[in-house]
Structure formats: structure tokens, C-alpha cells
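Form predicted alone, single chain, as C-alpha cells, below.
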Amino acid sequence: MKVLASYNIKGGVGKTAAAVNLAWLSARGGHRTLVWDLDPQGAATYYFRVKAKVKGGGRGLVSGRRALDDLIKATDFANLDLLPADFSYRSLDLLLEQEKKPTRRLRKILKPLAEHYDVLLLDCPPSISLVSEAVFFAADALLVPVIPTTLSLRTLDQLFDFRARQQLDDLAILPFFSMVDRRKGLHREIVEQLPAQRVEMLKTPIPYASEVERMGLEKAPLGRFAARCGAAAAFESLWDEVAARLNIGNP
């Protein structure tokens, strides 16, 4: 099972849209796919038309009193399941602190799921916290949406620096451009120049598009209601890159 985390220190960068659309593409390709919505705001859960509620809340999950597979919900799509968000996830940092080896706890919780899923995609809250560290130790790769602005580049540098300090050499960081508006000179400049500085950058930019904003109205990934739009095609190309980089072959 490949564990991917859609993550950024910043909010509002297209993290959840990426998680939902890439998970849908993974499932469409035949991979048994699970999304765990770790963000207490529950946007990914909302997109999949599932109630943001987990029996026992975050405490039951972190303590191990509730098995993850008891809480997983089916979605409207074949091969695609969801572990919903819960408002109690806002306290996950405090709950993890009470456990032995808190940064390894998430990896331990996820291990049994490898029997049932090929791809697990974590939709993470925007922060750098104990929860983030636990995600870093559990994930094979961070998928990092980056808006082409100076502040976004700064947070990306911070993320690479944090990985180095924590000696997480096996954790792949795969940034990609998100919400790109080519009418803006700064966006064009950064999209052209950054890949030469960051060889880890994925090549496919995700455009700023009204169809992505409509996901909240349609409560669905782009492939369900706007399969021919430019953003949907971009996510398909991005998923192909991710699968190639991480050796996620045909099921």
C-alpha cells in the first residue's frame, strides 16, 4: 500500500481538491483506494457526500480502541472508500502527545489497512504540528500543491528544511503548481523558473478554474461532472506523474 499525503503548511492552496481528484483517478484506474480526511473542517468528506462524524472521535482512533476498518464508509465510486473527518480531529495533537512514540502512532494505526487497499491518500490540515510529523513518518510521499507566489515558495523551502532536520530521507516530497493563473506575470515567471531549482517538482500545473470551485456545489470530483475541462485533464496528467514517480503500477 502506498501512503500519500496531500499536504501544505499553508491553507487555501488546493490541497483537498487534489486529494479528492487524485483519489478518484486512482480508484478509476482499478486501485483499491482510501481517503482519510484528517482535516476537522471536513471538506473532502463533504465532497464525497458523507457525514463528517466518526464514532468515538479522534480519541478512539489514536488510542486504538476503535479499528479504522470499522469506521470506513463507501463512496458513490467503485474502489473508493472514505474515512470521514470528525470535529474532534482538532485535538489530535493533544491526543497523540498522550501516546508512546507519538510520531510513529499514525503509521502503526494504518498498517493493517495494507491488506485491503493499494493507495491511501491522507487529506491533511494546513499546519506544522505533531499531527504533521506523524503524517511524515507514515507517508511514502507528500503531494504539495504550490501556488506560484513568493510566500508559497517560502513555505515549500521550510518543508524541505524540516525533512532534512528530521532526517526523513525516505519521505518523497512531490510539489506541483496549483491554482495557476497564467494571466499573472509572477505566476508565469515562477512556473517557468522553479522546476530548474527544485528537481522534485512534478511537471503538470493545475490551473485556476471555476470547475474546481464547483466541486463544492456538485459534491463530486471533476471526473463526475466536468470530465472534459482543462483542470480535469491536468489532474489526470498529474496522477500519471505521481504513479510513475512512486511505482504505482496497474492493479
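In this text, all values refer to a predicted model and were calculated from it rather than measured experimentally. Position 1 is the first residue in the sequence shown; the rest follow in order.
Not pictured, yet referred to below: the form predicted together with a small molecule.
Although the partner is absent here, residue 238 is not a contact residue: none of its heavy atoms lies within 4.5 angstroms of the small molecule in the predicted complex. At the 4.5 Å threshold, heavy atoms of residue 36 stay clear of the small molecule in the predicted complex, well away from it.
In the predicted complex, the small molecule stays beyond 4.5 Å of every heavy atom belonging to residue 54. The small molecule in the predicted complex is approached by residue 213, whose closest heavy atom lies within 4.5 angstroms of it. Across the proposed site, 13, 206 and 209 without exception bring a heavy atom within 4.5 Å of the small molecule in the predicted complex. A heavy atom within 4.5 Å of the small molecule in the predicted complex is found for one listed residue only; from 179, 96, 138, 113, this is 179.
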